[in-house]
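Just one chain is shown here, as structure tokens, and it is the form predicted on its own.
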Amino acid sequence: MTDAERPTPNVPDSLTEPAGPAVGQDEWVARHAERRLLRGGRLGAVEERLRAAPWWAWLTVFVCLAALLPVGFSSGYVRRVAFDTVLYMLLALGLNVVVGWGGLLDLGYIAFYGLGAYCYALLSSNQFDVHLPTVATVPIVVVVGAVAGWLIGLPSWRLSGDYLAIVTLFFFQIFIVVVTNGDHLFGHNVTGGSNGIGGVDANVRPFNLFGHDLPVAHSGSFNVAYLYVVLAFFAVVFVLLRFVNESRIGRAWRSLREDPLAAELMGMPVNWLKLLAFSFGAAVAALSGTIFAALNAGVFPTTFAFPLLITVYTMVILGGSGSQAGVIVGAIVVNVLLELLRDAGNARYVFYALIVLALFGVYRLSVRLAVVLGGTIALGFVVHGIASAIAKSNVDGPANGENWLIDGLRHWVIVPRDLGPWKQITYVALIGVILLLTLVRGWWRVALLVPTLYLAAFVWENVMLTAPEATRFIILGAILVSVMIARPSGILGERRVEIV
């Protein structure tokens, strides 16, 4: 009998299975790689391939593409949006240190951003007739921000969660009150009050790097040199924070985030780790404030209002708290989307594109997708025809623009000349129908989704487009909720496994 013909012995499964973790090693920790929850299917394979590329390669490609953006776009508006986006990326990186790595709910983060801007303004303006060079001002402001973060972090020694959030929010409110009423602080005009501090060395001594002055404007438009400056600062901050994250401090921060009590029992200096997280995040925020103040040649209290804090938090949560790449993607998506939604024409494209993408993501290429899309389109033409037959004034309202999409919608969505009290009624009805959708399943949901989508289009054209500023944040909130339902960890955040 040859070896090939010999029967295979019945080996117990326990002997064929891979060996367990070594003695003294926690099994859950040893098998963490097996238990990670990542995407499945083709998207999962693509994500794994993207994750395999080294981080420095992605950073290099991104910085190069951003640096080439002014070549393809000569518009000063586009270049300014690019600058603001990179500035938001810096703010998101700093907040990610505190919230994403340290696990500390810091609601006073924007105060450090404002502190950096005001410190730069005080050291480089006629407010106190101090005009320090840029190479001295920026390090001073960063150190001031780090020290302020350290001091504000002191109460966190015995606080966590909601209690820590209240303390940091109180600090944020103190900052707003002080800078708003600082024109009579200790008998001196320190912050300029509600008028702020203007003329921040825009013409006296502009932002200077390596012997070159950077005026805030060039040929009457945005000086693109500031885009390259903020890109350089962004690259340096990203690399430094990457090294910190991969060091012992970074690993200790993640342990603190997951379980502070377990980290303390393992001998980690939990209190010092909290202070370091606050200090690093505050330093990055203060650095961002210097660049903002230098470009705008002035600082004002209203710039650092609470909506800015919500916006930066949205970027971090949407992109993926704890992931540097994730918060960068979140900053790009949020800021670009908010800018697109400023214009009614662009907002209309974004709204209907998101509706189609959401339907495709839920139903894929299926019969239910065809029923929903076909039923919604048919319902629109029927309702529009009935309303037009009753009275022409029901469908001849303002169009809010002229393009092919608007021309098609004029024959599908009812836009009355005067909506009257129905404006509030339809908005409330839409919210109620959306809530009802969460209670039904199967084909009942498909049937209810058809009138819901048409009602959403009606509310969008008649109610939301008339208030674009509020609509921007409503749409952003809806996107955030949808992403959190589909992927609670964010776009690029790693989904952590909790031990129950």
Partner chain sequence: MDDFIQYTINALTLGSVYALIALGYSLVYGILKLLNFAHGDVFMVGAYIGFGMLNLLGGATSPVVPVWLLLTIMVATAMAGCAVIGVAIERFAYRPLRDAPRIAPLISALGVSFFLTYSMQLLFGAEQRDYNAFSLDNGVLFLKGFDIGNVRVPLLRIVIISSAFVLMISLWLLVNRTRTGKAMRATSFDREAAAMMGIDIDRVIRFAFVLGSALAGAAGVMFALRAPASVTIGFVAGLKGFTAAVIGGIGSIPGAMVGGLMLGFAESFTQGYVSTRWSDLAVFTILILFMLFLPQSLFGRADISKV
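The shown structure was predicted, so the numbers you read here are calculated from the model rather than taken from an experiment. The term rigid core refers to the maximal set of C-alpha atoms that superpose within 1.5 Å between the two forms. Numbering follows the first chain given and starts at 1.
What comes next is about the form predicted together with its partner chain, which does not appear here.
S.K.: Is every one of A57, R342 and L405 in contact with its partner chain in the predicted bound form, taking contact as a heavy atom within 4.5 Å?
M.R.: Zero of three within 4.5 Å in the predicted bound form.
S.K.: Though its partner chain is not shown, can you say which of V147, L369, L169, I377 has a heavy atom within 4.5 Å of it in the predicted bound form?
M.R.: Result of the distance check: L169.
S.K.: Considering non-hydrogen atoms and a 4.5 Å limit, which listed residue (T302, S75, N195, Q424) is close to its partner chain in the predicted bound form?
M.R.: Answer to the contact question: Q424.
S.K.: Closest heavy atom of P155 to its partner chain in the predicted bound form, within 4.5 Å or not?
M.R.: Although its partner chain is absent here, P155 would touch it in the predicted bound form, with heavy atoms inside 4.5 Å.
S.K.: Using heavy atoms and a 4.5 Å limit, would one call I474 a contact residue for its partner chain in the predicted bound form?
M.R.: Yes.
S.K.: Taking heavy atoms only, is H184 within 4.5 angstroms of its partner chain in the predicted bound form?
M.R.: Judged by the heavy-atom cut-off of 4.5 Å, H184 is in contact with its partner chain in the predicted bound form.
S.K.: Would I386 count as a contact of its partner chain in the predicted bound form, using a 4.5 angstroms cut-off between non-hydrogen atoms?
M.R.: Contact with its partner chain, no.
S.K.: Considering its partner chain in the predicted bound form, find the one stretch among 132 to 140, 407 to 415, 309 to 317, 353 to 361 with heavy atoms no farther than 4.5 Å from it.
M.R.: Going by heavy atoms within 4.5 Å, the stretch is 309 to 317.
S.K.: Looking at its partner chain in the predicted bound form, which residues in 107 to 137 have at least one heavy atom within 4.5 Å of it?
M.R.: Sequence-ordered list has one entry, L107.
S.K.: Relative to the superposed rigid core, does I475 relocate between this form and the one not shown - that is, does its Cα move 2 Å or more?
M.R.: True for I475: a C-alpha shift of 2 Å or more.
S.K.: Hey, the CA atoms of V372 and V481 end up closer or farther in the predicted bound form than in the shown form, with the change being 3 Å or more?
M.R.: Farther apart in the predicted bound form, by 3 Å or more.
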